[in-house]
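Before any questions on binding or motion, here is one chain by itself as structure tokens, the form predicted alone.
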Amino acid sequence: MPSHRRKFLKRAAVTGSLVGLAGCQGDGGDATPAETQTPEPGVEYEEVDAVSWLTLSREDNPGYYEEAQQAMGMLEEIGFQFDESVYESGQWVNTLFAKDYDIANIGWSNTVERLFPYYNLYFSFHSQYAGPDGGNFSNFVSDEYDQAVENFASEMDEDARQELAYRCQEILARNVPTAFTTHPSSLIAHNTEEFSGWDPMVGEWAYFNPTTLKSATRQAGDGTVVFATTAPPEQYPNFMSHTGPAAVFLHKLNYDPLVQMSTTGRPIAEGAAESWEVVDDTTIDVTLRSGMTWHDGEPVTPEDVKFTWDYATEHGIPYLASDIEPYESSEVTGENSIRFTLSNPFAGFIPVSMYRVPIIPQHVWEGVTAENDLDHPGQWENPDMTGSGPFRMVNYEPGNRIVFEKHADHYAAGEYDFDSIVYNIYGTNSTAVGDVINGNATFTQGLGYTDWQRAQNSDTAEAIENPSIQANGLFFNVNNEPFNDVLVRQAMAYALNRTEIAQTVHQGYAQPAKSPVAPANEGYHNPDVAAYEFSLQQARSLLEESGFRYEGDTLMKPVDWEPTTEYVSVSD
């Protein structure tokens, strides 16, 4: 790790004299050589401290790790040094939520419901989630942004909501709480000998979801679909304590949500809800599919739906907190109907909340805490996994495999051309893709280029590149100097060569990023926000505008440095 060197200098040089910055690699397309100003006379300077940088280990996420190495190298060209903390996922998550870093490079998961960019725009940048334990990893606080993103979340008109999403992205682009780097493609592969006809879903989970699984046509084999994955589910199998996208998608096999998602990311009436009607901004009527049964044969009722939402609200499910939060109450209005009342208008209630929160049986979960002397139902070990989903979990071997068998009485059972599905956990993507090629597994996802290319070159597998809705970036902790200055953050954004990162880290299977909303999200991506095209000279100029100076290639700042620009309004 770089050491924290600290020295104090007093300069009497001529203001504005020009010196070259040693060790620069290129000038980002600038036509003139890089030039910098010497320290101001009479101003006491000190060397800029090393910046603490949090990243995930190569084993846990090679993409994050490699992007971190590339980005740090680029930012060193404008004089920054770094103390890098490389952690495995558990410690990384704890440090991330403690906000114990100057910069953290992370990305959002590439799941289909993120096409409604509530998480990317609201949860990640609203001031409500700044501070310890919140998901605003930049600690960005702006009344202007809060108002814009609240209006976005509550706007029920689609065109007006798009304009508000654009405004949110513009505020973020001008203030740069996060310097976005790439939108990596989702690299996925499937075996072609046993199943055909796949209709992949947008995003990372192209095959492992109830909608896509219906599209597979069996050509051979014993009727078992095997998903080869390196992602063990987090806090599984208790639904009330689950975390992470893997557990969310596993629960979609065992439990029915009210709505399912089309392969292009639109809510469709293929879940437990036969239909729904938005009565007004805070009222939604839902009609349940008739004749549904739980895995144990009991009928699924609107009382179960009401119980689920009341139960989740009462006890809380941290991973689904933002999905549950808009729910105020519900009322059973008929034999198969229920009315939801929201505490405030939330445009994402149908595409996000009703998709992510499945129905659980009242006759199984009611009384669990008292009967088992628990503080929270999420503490229930070996929970009864009775659900109403198209498949039922019949075997769980932590760290190894999870087996589901078809629920023969499910309303869509006849649409699945196989009888069981296995979530098989591998140690490496290389082994997983090898089993896809040799026929021991049906599909895999989350591949690096090398493994994906092996499938592409195989006669028994097909490799696909799915449109990415993921966004990776550098989250600046704006509570820490010097990242409390917009100009410093903009300077770092200019110093990143995103095209080079996309080429070297992702072998070209990524797009340079300038927004938390990827271009593949055509409904909400703002194409007109500032891109901060690579320019070391522009980066240095912004640092100097903020008061920084260079001594040779050493970046210096006034001892009494204060931020020049703490916020840039889009209304100015």
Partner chain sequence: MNQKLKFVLQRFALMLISLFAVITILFLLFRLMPGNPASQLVSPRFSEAERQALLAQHGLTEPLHVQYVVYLQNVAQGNLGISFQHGSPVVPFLLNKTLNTLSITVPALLLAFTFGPFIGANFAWNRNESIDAYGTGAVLIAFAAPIFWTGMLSIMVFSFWLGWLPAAGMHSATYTETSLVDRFFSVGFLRHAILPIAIFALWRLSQPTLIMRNNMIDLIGSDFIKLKRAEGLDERTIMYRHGARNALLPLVHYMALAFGFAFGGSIILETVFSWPGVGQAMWNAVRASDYPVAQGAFTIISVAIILLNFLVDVLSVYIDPRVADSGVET
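Numbering follows the first chain given and starts at 1. Computed from a predicted model, the values in this text were never measured in an experiment. So that the term is clear: the rigid core is the largest set of C-alpha atoms that superpose within 1.5 Å between two forms.
Heads up, the form predicted in complex with the partner chain isn't pictured, but that's what we're talking about next.
Judged by heavy atoms within 4.5 Å of the partner chain in the model of the complex, the contact stretch among the candidates 329-337, 178-186, 434-442, 279-287 is 434-442. Only one of Pro232, Pro351, Pro345, Gly448 lies close to the partner chain in the model of the complex, with a heavy atom inside 4.5 Å, and it is Pro232. Only one of Thr313, Thr243, Asn209, Ser458 lies close to the partner chain in the model of the complex, with a heavy atom inside 4.5 Å, and it is Thr243. Although the partner is absent here, Asp222 is a contact residue: one of its heavy atoms lies within 4.5 angstroms of the partner chain in the model of the complex.
Among residues of the shown chain, Gly90 is one whose heavy atoms approach the partner chain to within 4.5 Å in the model of the complex. By the criterion of a heavy atom within 4.5 Å, Arg356 is counted among the residues contacting the partner chain in the model of the complex. The closest non-hydrogen atom of Val226 lies within 4.5 Å of the partner chain in the model of the complex.
Contact check for Gln70, Phe80 and His525: none of the three has a heavy atom within 4.5 Å of the partner chain in the model of the complex. In the model of the complex, the residues of 310-344 lying within 4.5 Å of the partner chain by at least one heavy atom are, in order, Pro318, Tyr319, Ala321, Ser322, Asp323. After superposition on the rigid core, the Cα of Thr282 moves by less than 2 Å between this form and the one not shown. With the core held fixed between this form and the one not shown, Tyr396 has its Cα displaced by under 2 Å. When two forms of a protein are overlaid on their rigid core, residues whose CA moves 2 Å or more are considered shifted, and His190 is not one of them between this form and the one not shown.
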